[in-house]
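Next comes just one chain, in structure tokens: the form predicted on its own.
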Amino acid sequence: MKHRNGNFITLAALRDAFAVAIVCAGIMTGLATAQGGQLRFCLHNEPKTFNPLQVDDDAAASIRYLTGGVLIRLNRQTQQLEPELAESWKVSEDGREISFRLRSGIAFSDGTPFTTEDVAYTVQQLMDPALHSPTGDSFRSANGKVETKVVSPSQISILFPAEVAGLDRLFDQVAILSQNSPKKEMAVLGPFMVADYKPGASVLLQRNPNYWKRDEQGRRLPYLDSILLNIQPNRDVEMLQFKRGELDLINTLDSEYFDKLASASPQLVHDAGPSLDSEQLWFNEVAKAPIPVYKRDWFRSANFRRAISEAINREDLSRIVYHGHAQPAMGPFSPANKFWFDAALKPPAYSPDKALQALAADGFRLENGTLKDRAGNAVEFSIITNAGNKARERMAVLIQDDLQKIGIHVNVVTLDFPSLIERMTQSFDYEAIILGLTNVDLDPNEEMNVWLSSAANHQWNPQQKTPETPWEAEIDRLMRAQASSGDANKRKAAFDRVQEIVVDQQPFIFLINKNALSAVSTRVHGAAPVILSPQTFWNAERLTVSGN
């Protein structure tokens, strides 16, 4: 997994050249009294990259969504696909080929013309194995070369070596790069562009002066002049800034703050219902990790992982940490994903007694309140999570208490997000981690970069040259099978089996699915929070902010 150098060169801020539309005095529109304004909200960690093909963290994903131009966009409200840079598209009957007819007269933010060659270049980069693109993993239904063919100046076709299920939906995440711009990935086709980056402080996005869209009245989008993204991992500080009016929205709101805001200012909070997102715990199974061999043997035992899962009281996590704005997670997908969720899965049962039985099967035993393995080693490990995320910190403490009841001593360690990511993806210097998965689509193809054993986000043991366990090999087979089938029922049967294997093997110990909670200032006009990410700014090009 590659990282962008943190000392990214600051770009000169470019101001929009066209005049702001003037609305007649005293006449209110559905947007606001005037276009423009600056939208302000927080990123909870430093963006790891500005290359849209290498995005695998929330901060970089937010920037990609706001700046990247895509051929097809999944409307987060209707959950339907809509044409963007491509005015039309067609998927072949065998699901291997997709053809696009592009809009004409579009330019990148720096004025470089947008052409079919840019699409071909983007696909070539996306599928380059050397890039290890998490986005590209979603398209890998089979080994083989992906071919692009420029049919005409406005038409291009892309041929995959095997059928890719839900092929058109996957392009929602593919921001088109310029082949010719000297600014490389910083030349964009989306509504905003990166104008300034202060590491550790903020990212400033300015309106893209060459953005191609107009609204129904012919006004050029986006309405906003700029978006200021403060890099702020501390949720307490974020809430204080929101209350002071220094921020305009909180895209994902902790349940505790949701309740406090709801009691004082109910007009500011939004509960869109159960989300697709999950929080999970996993253990480090990487062979080269700098941890004792006997601990890695624990972590690689399915009985050990099952026991840890059975010893965690998820109802308490939902009730105490999330104040009831969450539910125990049953597996890889939330029940909110009505089609793909495996309804045969049962809610995880909290049972310390069953946990101890599973551990006994591997030779573990309780001695004077301390769990020991068959070699006499006391069972002790550390859980790390990102500092400033109060919910994860509280979950870690509750899990610490739960596991103490079966004789396991847990140390809770919080790290700043960049340090955590470095340990997770580079040095592998950790024992267990609590983090979350953000799902941006309903389709399991979006999680190919998690479940394929060769993938960078196969977090417990990433980038395996060949599957190290039979069950991982079976998941590889099933994920590729569902990704290469056009039959929705066959795809569901394959992914149901994936979910069942994951629940049985517990490589990720799924903890909770939280509700989609957010807060939006009354200064923001046009907001309509949804369950799909990004919840509050999915329609940023049509938002306006008054009073700043």
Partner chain sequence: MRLGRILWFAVLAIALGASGAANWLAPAGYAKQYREATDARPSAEHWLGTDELGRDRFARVLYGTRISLLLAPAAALLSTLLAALIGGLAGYLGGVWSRIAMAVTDLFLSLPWLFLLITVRALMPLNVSPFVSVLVTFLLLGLLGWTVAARVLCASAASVRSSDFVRQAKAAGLSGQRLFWVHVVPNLKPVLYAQFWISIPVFILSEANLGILGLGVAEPMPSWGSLLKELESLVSVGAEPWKFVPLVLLVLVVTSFQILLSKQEEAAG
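Positions refer to the first chain, counted from 1. Everything quoted here is computed from the prediction, not taken from an experiment.
The same protein also exists as the form predicted in complex with its partner chain; that form is not shown, yet it is the one meant from here on.
Of the residues given (D401, D196, D362, E117), D401 alone sits with a heavy atom within 4.5 Å of its partner chain in the model of the complex. Just one of N313, N230, S157, Q125 comes within 4.5 Å of its partner chain in the model of the complex, counting any heavy atom, and that one is N313.
Although the partner is absent here, T148 lies well away from its partner chain in the model of the complex, with no heavy atom inside 4.5 Å. For the chain shown alone, K295 is a contact residue for its partner chain in the model of the complex, at least one non-hydrogen atom being within 4.5 angstroms.
Within this chain, I384 lines the site of its partner chain in the model of the complex, having a heavy atom no more than 4.5 Å away. Contact between W282 and its partner chain in the model of the complex is not found at the 4.5 Å heavy atom cutoff. Of the stretches 176-184, 450-458, 77-85, 407-415, only 407-415 has residues with a heavy atom within 4.5 Å of its partner chain in the model of the complex. Of all the residues from 308-329, those having a non-hydrogen atom no more than 4.5 Å from its partner chain in the model of the complex are N313, D316, R319, I320, H323.
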